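First, one chain by itself in structure tokens, the form predicted alone.
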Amino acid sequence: MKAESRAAWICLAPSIVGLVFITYLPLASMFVLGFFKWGKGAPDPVFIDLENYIRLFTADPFFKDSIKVTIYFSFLAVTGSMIYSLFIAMLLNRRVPARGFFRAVFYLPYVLPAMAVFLGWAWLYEANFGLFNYILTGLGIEKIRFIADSRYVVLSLALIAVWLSGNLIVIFLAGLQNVPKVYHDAAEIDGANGWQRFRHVTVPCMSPIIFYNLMMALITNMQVVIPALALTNGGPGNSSTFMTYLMYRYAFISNQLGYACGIAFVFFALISVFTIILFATSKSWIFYEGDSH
């Protein structure tokens, strides 16, 4: 083996070991354990074939609703995060006073401890003494039970996810700074206004960045669990019982580990489907400089 190849394998070894033992091996174990009854009433794994998966789709009163809630939350959070992050990044890309300070301000929520963030938002959402209801009553609007009303709870949690998307802002900002200025200048000479330059210059040049952020936001928000743990316990009712929270409930509260593994594998398949769709449609709207298409 040549010295260069040997050096490459040595450098790749930690990543390969991490992928095998932290990603693929647990994934394979989860898939296999989905065919076993293990936990409550069965201290040792007992093979039960497809019983867990049949129960999921025919007898579980929470599973189908958890899929709907997860997809609904992801749609709100991903859409809101993408619009909010791109808008803030475009503002920060301008020559504004204290630009570095504002960049840090918008990125800071992303690095704060998650539990502290959600406890802070719990006070903002509090029905009687929260800041938001204080403002609403000051405007003569009736109080809203943001996280205690099934009509508003998912929307309220999605708003927190949007506020936490500081990482997307940083990536968008880096992409905006790499948009060739000559394209904007040429469009301006041709009489394009601000919206037309954004639509026909900025968006195509940013499309690889938009794709990356969209995919990361989708995967991250579909794995939502902390809001349910910190604020709602899956309620009110089961209106915020996300798939990940349902897994947690079955695995660590009901002690049904095999059944929870079945949910985890279906959840993995669901994320994979959305990711494949995203990749399959990407060729039609992503622009790479130098691409012949």
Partner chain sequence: MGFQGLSFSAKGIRSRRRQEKAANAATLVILIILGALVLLPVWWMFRSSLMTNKELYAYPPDFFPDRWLFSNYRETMKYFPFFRYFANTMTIILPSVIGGTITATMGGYAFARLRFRGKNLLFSLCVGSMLVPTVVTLVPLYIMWTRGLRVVDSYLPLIFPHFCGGGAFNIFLIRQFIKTIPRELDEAATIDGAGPLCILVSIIIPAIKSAMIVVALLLFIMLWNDLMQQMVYINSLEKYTIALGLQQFKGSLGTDWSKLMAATCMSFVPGIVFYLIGQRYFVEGIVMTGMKN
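Just so it is clear, the model here is predicted, and its values are computed rather than measured. Between two forms, the rigid core is defined as the largest C-alpha subset superposing within 1.5 Å. Numbering follows the first chain given and starts at 1.
If you look for the form predicted in complex with the partner chain, you will not find it shown, but the lines that follow are about it.
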property	result
Proximity of R103 to the partner chain in the predicted complex, heavy atoms at 4.5 Å	yes
S156, heavy atom within 4.5 angstroms of the partner chain in the predicted complex	no
Distance check, V69 to the partner chain in the predicted complex, heavy atom within 4.5 Å	no
In the predicted complex, W121 touching the partner chain (heavy atom, 4.5 Å)	yes
Candidate spot M30, Y107 and Y212, all three touching the partner chain in the predicted complex (heavy atom, 4.5 Å)	yes
Sole residue of Y183, F198, Y152, Y134 within 4.5 Å of the partner chain in the predicted complex, by heavy atom	Y134
In the predicted complex, residues of 228-266 near the partner chain [heavy atom within 4.5 Å]	L229, A230, L231, T244, M247, Y248, A251, F252, N255, L257, A260, C261, A264
Did S15 shift 2 Å or more between the shown form and the other one, C-alpha, core superposed	yes
